[in-house]
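Here we start with a single chain on its own, the form predicted on its own, put down as structure tokens.
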Amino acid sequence: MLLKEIEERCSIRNFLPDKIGEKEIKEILEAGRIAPSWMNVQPWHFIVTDKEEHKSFLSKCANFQRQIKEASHVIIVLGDLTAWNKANFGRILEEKGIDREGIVNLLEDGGYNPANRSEQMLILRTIEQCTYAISYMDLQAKHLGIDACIVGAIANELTGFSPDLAEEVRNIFKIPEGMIIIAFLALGYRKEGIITPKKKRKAFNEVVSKEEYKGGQAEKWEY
């Protein structure tokens, strides 16, 4: 049951030295590839590494978070800002069978195409899309018995933390212009003795309302 896996999923920061097999890594990446994407834009790219020197450097880029260095593999999730330009987005809309007038309208409408809005909006929509891919990879890892930790506090264009390190990441991994670093996904097998903590979440009726917002005072659901 997927809810059970979601309930038991947690961020693990202590990994064994055991390596994840190539088959499992490919399945995790495939989960990201086929994740939901609005209008099928798919503004993402994944760089996976298991090299010790790369993981050590990426750990440094995350203020020396050890789970990155200890991980079997680390996936660098990139957001592709160029996916929304008229050439790429137009091709995607054409492949969906939309007529020429409809394509022009969608490309020019700022509500549908964030490239017509501010850079901030373009980045926000790209992050939104990439979170789906990250979540799907994270859950597929859990399904395979592999633990993970999503790391967003890193040297990148979003946090502004250590721009020199962020630039070095771009150089080492040959990240082209138009791509931004969204997050790292550290993958591995948890060390013995690391148990899954009980999740502390708001009550169901505190976060769910029927028909209209009721400020956490919604009627009780039988759930």
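The first residue of the sequence shown is number 1, and the count goes up from there. As the structure is a prediction and not an experimental result, all values here were calculated from the model.
Note that the form predicted together with a small molecule isn't included here; everything after this is about it.
The chain is drawn here without the small molecule; in the predicted bound form, the stretch among 62 to 70, 166 to 174, 46 to 54, 31 to 39 whose residues come within 4.5 Å of it by any heavy atom is 62 to 70. Among heavy atoms of residue 150, some come within 4.5 Å of the small molecule in the predicted bound form. Shown alone here, residue 201 lies within 4.5 Å of the small molecule in the predicted bound form, counting heavy atoms only. Mapping the unseen interface onto this chain, residue 11 counts among the residues with a heavy atom inside 4.5 Å of the small molecule in the predicted bound form.
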